[in-house]
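One chain comes next, on its own, written out as structure tokens in the form predicted alone.
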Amino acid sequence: MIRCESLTCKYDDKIILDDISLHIKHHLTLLGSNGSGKSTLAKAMCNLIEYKGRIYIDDKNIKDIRAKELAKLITYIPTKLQVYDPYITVYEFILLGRFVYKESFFDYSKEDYEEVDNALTLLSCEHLKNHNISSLSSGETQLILIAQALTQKSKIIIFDEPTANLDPYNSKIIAQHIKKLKESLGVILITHDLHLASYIDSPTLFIADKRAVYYEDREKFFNEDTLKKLYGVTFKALMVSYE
């Protein structure tokens, strides 16, 4: 799915990720401390930032893929929604996900509107379609970000801290949607929430000190010895259930 070769990322003169090589077959969960480079890696995969090295999606170098074509392959859902028009409606915002298939903002088709309706129905948020984006709660905002990504029809979706600042109930709703999406899409999850990471149950990449360690087997990562070594604190049994 995604292959990174000798990937190095830096901001100004500070190296964030140094010479990372990685092959993501289907899904991945990115873990690590604050500022370790999880979001940096995700943005590099979407060609949103400068980097050294090579990144391939389906054996195509992303530097050689036009922006709209790359958007059909991979999309990045940020932690926080940022819009320039706070009065745009939920429906209008989700419809923007179809722009990668359009020449202008004025040639949306019946199919495009059906994709928006399908996404709203799938996420059970049809009642929000006429609301202004600025009026949404944090949980509703995450659902709408997912809805837009679904209308974009990307093969891979990157979720960056999707349950940050959500209460346990809304965290459960988002977690269940993400796990369901794994059945049809490639899912890359960035999180600090070990409960969520365990529930989503993907191979894990732990980033620390500019490098990354890959854990294919969940049992090798989700045990007290490994977690204590990586995080420097003692863990007990995970308590939260998203079922």
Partner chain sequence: MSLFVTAPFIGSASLHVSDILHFDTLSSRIFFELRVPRVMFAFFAGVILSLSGLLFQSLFRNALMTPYTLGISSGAVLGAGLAIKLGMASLAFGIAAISMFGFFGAMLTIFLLITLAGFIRGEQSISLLLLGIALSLFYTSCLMIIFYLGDSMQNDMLLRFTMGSLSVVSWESPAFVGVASLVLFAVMYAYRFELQLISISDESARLKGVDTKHLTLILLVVSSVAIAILVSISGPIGFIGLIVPHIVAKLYPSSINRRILKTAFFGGFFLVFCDMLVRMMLTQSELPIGIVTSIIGGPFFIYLIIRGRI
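Residue numbers count along the first chain shown, from 1. Quantities reported herein were computed from a predicted structural model and do not represent experimental measurements. In this text, the rigid core denotes the largest set of C-alpha atoms whose superposition between the two forms falls within 1.5 Å.
We do not show the form predicted together with the partner chain, though everything after this point is about it.
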Exactly one stretch in 166 to 174, 136 to 144, 99 to 107, 118 to 126 has heavy atoms within 4.5 Å of the partner chain in the model of the complex; which is it?
-> 99 to 107
The partner chain isn't shown here, but in the model of the complex which of K210, K43, H27, H195 has a heavy atom within 4.5 Å of it?
-> K43
Using a 4.5 Å heavy atom cut-off, are S202, Y214 and V233 all in contact with the partner chain in the model of the complex?
-> no
In the model of the complex, does I157 have a heavy atom within 4.5 Å of the partner chain?
-> no
Partner proximity in the model of the complex: E92 to the partner chain, non-hydrogen atom cutoff 4.5 Å | yes
R218: touches the partner chain in the model of the complex, heavy atom cutoff 4.5 angstroms | no
Just to confirm, K63 within 4.5 Å of the partner chain in the model of the complex by heavy atoms?
-> no
At a 4.5 angstroms cut-off on non-hydrogen atoms, which residues of 4 to 22 are near the partner chain in the model of the complex? List them in order.
-> D12
So, does E111 move by 2 Å or more at the CA between this form and the one not shown, with the core held fixed?
-> no
